[in-house]
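Take a look at this single chain in structure tokens; it is the form predicted alone.
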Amino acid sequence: MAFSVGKRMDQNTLVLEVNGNVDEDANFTPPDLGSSTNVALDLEAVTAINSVGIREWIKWVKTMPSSIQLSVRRCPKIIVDQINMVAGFLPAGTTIESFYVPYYADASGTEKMVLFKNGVEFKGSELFAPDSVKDDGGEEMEMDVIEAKYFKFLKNG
């Protein structure tokens, strides 16, 4: 999927919607932030990332002025994995608004991504996972990650 970064305002926050593959073909131009002091990176539509993409991503986020309040939202699992593994993937002080957690139902073999929101399913390094997640057929689902590894970034933030 071709890489792109869209822009839209969400109340007083400039939202940069990152779409597609973050790889050697991704064109990271420094964003025109105007007078925005709150910038959110919406990462839900990121479909893949490779090592060259990680390097370019880190260079790009470093172009963000330190005067802005940067946040990320709707991080897919591939982005959460990078936040956990790559030092500097997000600049210090970046707020995590929300991220997806994979769930799996053994009985039906179905997978589901559940959005964890700051202040609801997590706050700081505390996790408040839902007591129950069911698939469309009503089957009980389990978190499909190793919690100590997947949520490591919450403890480091």
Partner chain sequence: MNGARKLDPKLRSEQIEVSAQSKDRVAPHCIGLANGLPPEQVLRLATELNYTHIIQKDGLDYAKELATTEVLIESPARFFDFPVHAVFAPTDQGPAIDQKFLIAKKEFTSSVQKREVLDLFGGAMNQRGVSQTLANDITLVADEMFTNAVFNAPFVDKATHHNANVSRTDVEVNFDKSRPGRMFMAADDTRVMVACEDPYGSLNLNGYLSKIKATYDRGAAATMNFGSGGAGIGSYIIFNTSASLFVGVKAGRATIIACLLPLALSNKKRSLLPKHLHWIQL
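Remember, predicted model here, so these are calculated numbers, not experimental data. Numbering follows the first chain given and starts at 1.
Beyond what is shown, the protein has a form predicted in complex with the partner chain; the following relates to that form.
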Handout entry: Candidate from Val114, Leu127, Ile68, Ile54 lying within 4.5 Å of the partner chain in the model of the complex - any heavy atom
Key = Ile54
Handout entry: Non-hydrogen atom contact Asp10 with the partner chain in the model of the complex at 4.5 angstroms
Key = no
Problem - the partner chain contact in the model of the complex: Glu140, any heavy atom under 4.5 Å - result: no
Practice task
Flag Pro31 as yes or no: does it have a non-hydrogen atom within 4.5 angstroms of any non-hydrogen atom of the partner chain in the model of the complex?
Solution key: no
Exercise for the section: Give a yes/no on whether Asn19 approaches the partner chain to within 4.5 Å in the model of the complex, heavy atoms considered. Expected result: no
Problem - Options 119-127, 32-40, 91-99, 45-53; stretch whose heavy atom lies within 4.5 Å of the partner chain in the model of the complex - result: 45-53
Problem - Any residue of 13-30 that, in the model of the complex, places a heavy atom within 4.5 Å of the partner chain - result: Asn21, Asp23, Glu24
